[in-house]
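Have a look below at one chain only, the form predicted alone, in structure tokens format.
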Amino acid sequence: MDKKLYGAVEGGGTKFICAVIDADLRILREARFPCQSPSETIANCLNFFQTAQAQLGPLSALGIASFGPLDPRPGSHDFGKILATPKPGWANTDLVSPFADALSIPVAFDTDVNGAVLAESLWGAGKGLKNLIYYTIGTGIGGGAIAENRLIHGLMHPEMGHAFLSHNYTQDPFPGVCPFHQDCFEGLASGPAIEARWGRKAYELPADHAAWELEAHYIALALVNTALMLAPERIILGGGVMAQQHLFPLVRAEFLKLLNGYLQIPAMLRDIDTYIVPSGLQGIAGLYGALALAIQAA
């Protein structure tokens, strides 16, 4: 029986979640820390794992699934670092070295969404499929991709949340909230964009509010582009905005409308309810993504 223990860190813009998880996917210990300065946040996480190792036994590896952009390429000069980010004080932060040095174990590092799509492929809504897309739509928007059972990396990692969408300023004069691109996908459709446009948070808006048709339009635009470029077997949607379950039928209908009969693929056109689906690990995809990275590292 595999008695290995793994460390997992889900690094978010508002909080860091740390956990020790065994090979049976049981969370043995968990803690949440506010995302403060890098030094404070890393120190809190390190203390958690050092205490856990003293009490539970040694960890085989640690996985870190973090907000980005970041450099996930081992051997790169900037491997393990958060790159240019709107999160104040976090640009150029090295997240890997402090854990590798203090814990003396392998440390895997990738985006929270790449971790999430990996976890969904192993234990969630994409289990058994080799080509998947996962989007988180919440405080920010990000996308992770698996092609033939491998996470997609190039010069860095995919940044699907900052893709540019068709924006009709007559129908939607809202300028967008992205500090880098203003009206990219994240700038138009993230949780903060919904709140800035309508004056209320997503969960406060009723299901019949005009916000949802517009939100579905922007999400569907992104998904059509993604489907045409990467041809995934399934698209999985998670994050706080997608917790509004009434949004899924609107997104699916708008997706088919925009596709306009192109690509006569049964899985996409006739089985749309199983092509665009909710996360199977809603709320824990990022944490179990870090676990999946740790298992790979070990």
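Residue indices: 1-based, along the sequence shown. Since we're looking at a predicted model, the values are computed, not measured.
Although it is not shown, the form predicted together with another copy of the chain is what the next lines describe.
**Student:** Exactly one stretch in 32-40, 240-248, 255-263, 55-63 has heavy atoms within 4.5 Å of another copy of the chain in the model of the complex; which is it?
**Tutor:** Comparing against another copy of the chain in the model of the complex, the contact stretch is 255-263.
**Student:** Counting non-hydrogen atoms within 4.5 angstroms of another copy of the chain in the model of the complex, say which of 158, 80, 140, 124 makes the cut.
**Tutor:** By the 4.5 Å criterion, the partner-contacting residue is 158.
**Student:** I need to confirm a contact call. Of 97, 92, 166, 76, which residue comes within 4.5 Å of another copy of the chain in the model of the complex, counting heavy atoms only?
**Tutor:** None of the others qualify; the residue that does is 166.
**Student:** Taking heavy atoms and a 4.5 Å cut-off, does residue 16 contact another copy of the chain in the model of the complex?
**Tutor:** Residue 16: no, not in contact with another copy of the chain in the model of the complex.
**Student:** Is residue 228 close to another copy of the chain in the model of the complex, meaning a heavy atom pair under 4.5 Å apart or at it?
**Tutor:** Answer yes; at least one heavy atom of residue 228 falls within 4.5 Å of another copy of the chain in the model of the complex.
**Student:** Against another copy of the chain in the model of the complex, would residue 135 count as a contact residue? Criterion: heavy atoms within 4.5 Å.
**Tutor:** Within the cut-off, so yes.
**Student:** Check residue 150 for me: does it contact another copy of the chain in the model of the complex (non-hydrogen atoms, 4.5 angstroms)?
**Tutor:** Taking the distances in the model of the complex, the answer for residue 150 is yes, it comes within 4.5 Å of another copy of the chain.
**Student:** Please state whether every one of the three residues 118, 212 and 274 places a non-hydrogen atom within 4.5 angstroms of another copy of the chain in the model of the complex.
**Tutor:** The answer is no; none of 118, 212 and 274 reaches another copy of the chain.
**Student:** Which residues in 63-86 have a heavy atom within 4.5 Å of another copy of the chain in the model of the complex?
**Tutor:** Residue within 4.5 Å: 84, and no other.
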